[in-house]
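What follows is a single chain, given as structure tokens, in the form predicted alone.
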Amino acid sequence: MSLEFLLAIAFGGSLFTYVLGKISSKLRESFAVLISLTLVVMIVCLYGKTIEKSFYFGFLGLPLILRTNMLSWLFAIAISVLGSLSVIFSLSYIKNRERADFYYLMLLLINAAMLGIVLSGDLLSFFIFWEIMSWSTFLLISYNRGAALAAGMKYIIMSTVGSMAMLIGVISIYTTYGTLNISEIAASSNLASSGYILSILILFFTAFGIKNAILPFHSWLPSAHAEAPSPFSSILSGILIKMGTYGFILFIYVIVGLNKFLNLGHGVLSFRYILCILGALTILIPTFIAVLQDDAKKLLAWSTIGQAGYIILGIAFGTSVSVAGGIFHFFNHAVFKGLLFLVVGAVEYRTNGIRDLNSLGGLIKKMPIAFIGALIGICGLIGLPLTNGFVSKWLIYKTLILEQSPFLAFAALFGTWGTILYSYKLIHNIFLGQLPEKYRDIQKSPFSMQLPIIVLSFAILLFGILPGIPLKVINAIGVSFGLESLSVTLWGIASETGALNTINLFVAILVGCIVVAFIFKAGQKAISVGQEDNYAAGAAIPKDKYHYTVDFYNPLYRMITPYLKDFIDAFYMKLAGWTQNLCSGVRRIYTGYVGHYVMYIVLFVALLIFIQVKWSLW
């Protein structure tokens, strides 16, 4: 199958969807779904194939190359599947909204650009697709205008800084190697000095770190996730920021190479160890900020930053098991975080935009599919057995413990404890407790919203019970990097230090659930009480806030509020203020009055004469 034909379908389909929207909304929606599903089928057909081919010659005198391998295939299938489910979810979510044609155009264009990034075989194509993705993302974050525009501006300014760093790196590589072909650069990188490799990695780390929203480049993400349309938030959190992850993997293990990467620096000053520390900090700090959020989407946004820390930690540690865990966690995070954003989007849709966790509750019977999706999603997020998140986190934990890295292991485990706290808050405040009177007549979410939730929920359980399905692909990726092959089975991984067997876990948990069910059945029946007949610690629950987790973390919040400041974001805002003041001062020079410009010229000539006189005296 031709890769350029695949991208032509992706990009052309996005434009044609926009045109069809001018004719009929039904035609637009049907075609958008058709294009998305077609891309899934086309990418599935590329499984196991290795292709590298130039698709255009003479762009600035350089060929543009497309290629596919196991690494690009894994990212491409995640992009296409989550993209198609988000399009299906959008059918009801965006219905009757203004500028829906523009929304579908941008959504499909972003998916096409991401496919272009992972299929790029040269750094020029990579950079072009990267910019298409970045600017399209800015337009879609800003879709709702108002506060969304400010969030979009914050994103695009930081993204532009990353793009400029990437461009400098691309120019430097071309100047050094005379090519931008990724395969040729990888073959020549062994000859480069460690200092040059380190400088290139720092430049690209800036670009990928901003997109991946790891500390200290995270500040754009919470507001962007909160303001973007929920179906796009699913893509933004689940897969788009992972383009930074793809970039990390590409440069560390494909271009630089395993041995060169592991030997950059020594001890705590090694590039590898610094990345691991950043990953650990990215786990800890955002995770506990998420606990204190009352906006459901901001809670999930901070959670996304924290989970990105696990991915970076696994990839940067550099062993077969850790890299497999990091890549698998990328894949798992795309599934369970995409699911959770869609669940919140369904609740937001039915409650007319309510995302305040203290204003919801009791929706379990009104929206059962959304509740089941939320329950399975947070189980995957926490890493409970029989979910996909358990397997990827187990691989990371195992590596850190066996490799005797106590601080990193503590950060990973402590981050999971924080994940339990905010996950409990999310599901309880939305679905459990008493149902407020104002939501008594609320309807179930439409089928177009339920279907993506069901599919992603099934995927979490499938890859948790049978993790060997994706792990075989991930193991092949690791082997291509020069890592040792893992003993992967359909139900886990075997090793000298112990085997992971999810079938045994499944049987044990099933027996335990049966025992618990018998105990509950033998106990007394629940007694229904009125909504006003509820008390927490002896005090009546406030009216319209019937669940006892309202302001549940207030004591913790009061203790840490004096220290709860995003100093990094505050620094960026000060830097923006200084830049604005400097530009305002420079702008005053351009008065529009010719006499002033003549005076500037005279003063400049006088300065040159003065310098010349002084120079001649010396």
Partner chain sequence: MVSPVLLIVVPLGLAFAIPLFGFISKRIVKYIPIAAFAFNLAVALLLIPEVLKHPIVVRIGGFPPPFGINLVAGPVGVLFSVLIAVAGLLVAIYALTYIKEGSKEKYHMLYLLLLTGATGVVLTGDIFNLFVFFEILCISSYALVAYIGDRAGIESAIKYLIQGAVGSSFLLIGIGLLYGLFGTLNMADLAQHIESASPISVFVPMVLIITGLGIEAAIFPLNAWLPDAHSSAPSSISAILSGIAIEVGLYAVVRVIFTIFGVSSIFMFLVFLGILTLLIGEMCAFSQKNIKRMLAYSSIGQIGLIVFAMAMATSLAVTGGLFQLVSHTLGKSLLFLAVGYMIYRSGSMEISSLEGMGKRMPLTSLAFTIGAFSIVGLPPFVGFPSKFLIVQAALAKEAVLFTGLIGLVLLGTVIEGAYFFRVVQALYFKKGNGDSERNEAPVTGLIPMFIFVTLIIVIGIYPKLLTDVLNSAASEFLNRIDYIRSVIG
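Quick caveat, the model's predicted, so the values are computed rather than measured. Numbering follows the first chain given and starts at 1. Each form is matched to the other, and the largest set of C-alpha atoms that superpose within 1.5 Å is called the rigid core.
Form predicted together with its partner chain: not shown, discussed below.
Colleague: Which one, 397-405, 482-490, 167-175, 514-522, holds residues whose non-hydrogen atoms are within 4.5 Å of its partner chain in the predicted complex?
Modeller: Answer to the contact question: 167-175.
Colleague: Any chance Phe59, Arg99 and Tyr597 all have a heavy atom within 4.5 Å of its partner chain in the predicted complex?
Modeller: Yes, the whole candidate spot contacts its partner chain.
Colleague: Between the options Leu386, Ile128, Leu292, Ile354, which residue brings a heavy atom to within 4.5 Å of its partner chain in the predicted complex?
Modeller: Selected option: Ile128.
Colleague: Out of Ser142, Asn429, Ser457, Ser223, which one falls within 4.5 Å of its partner chain in the predicted complex, going by heavy atoms?
Modeller: After the contact test, the surviving option is Ser142.
Colleague: Residue-level contact is defined here as any heavy atom of the residue lying within 4.5 Å of its partner chain in the predicted complex; does Thr319 satisfy this criterion?
Modeller: No, Thr319 sits far enough from its partner chain in the predicted complex that none of its heavy atoms falls within 4.5 Å.
Colleague: According to a 4.5 angstroms non-hydrogen atom cut-off, is Phe506 in contact with its partner chain in the predicted complex?
Modeller: No, Phe506 is distant from the partner.
Colleague: Look up in the predicted complex whether Trp135 has a non-hydrogen atom within 4.5 angstroms of its partner chain, and give yes or no.
Modeller: Yes, Trp135 sits close enough to its partner chain in the predicted complex that at least one of its heavy atoms falls within 4.5 Å.
Colleague: Ile442: heavy atom within 4.5 Å of its partner chain in the predicted complex?
Modeller: Ile442: no, not in contact with its partner chain in the predicted complex.
Colleague: Quick one: once the rigid core is lined up, does Val19 have its C-alpha move by 2 Å or more between this form and the one not shown?
Modeller: Comparing the forms between this form and the one not shown, which are aligned on their rigid core, Val19 does not shift its C-alpha by 2 Å or more.
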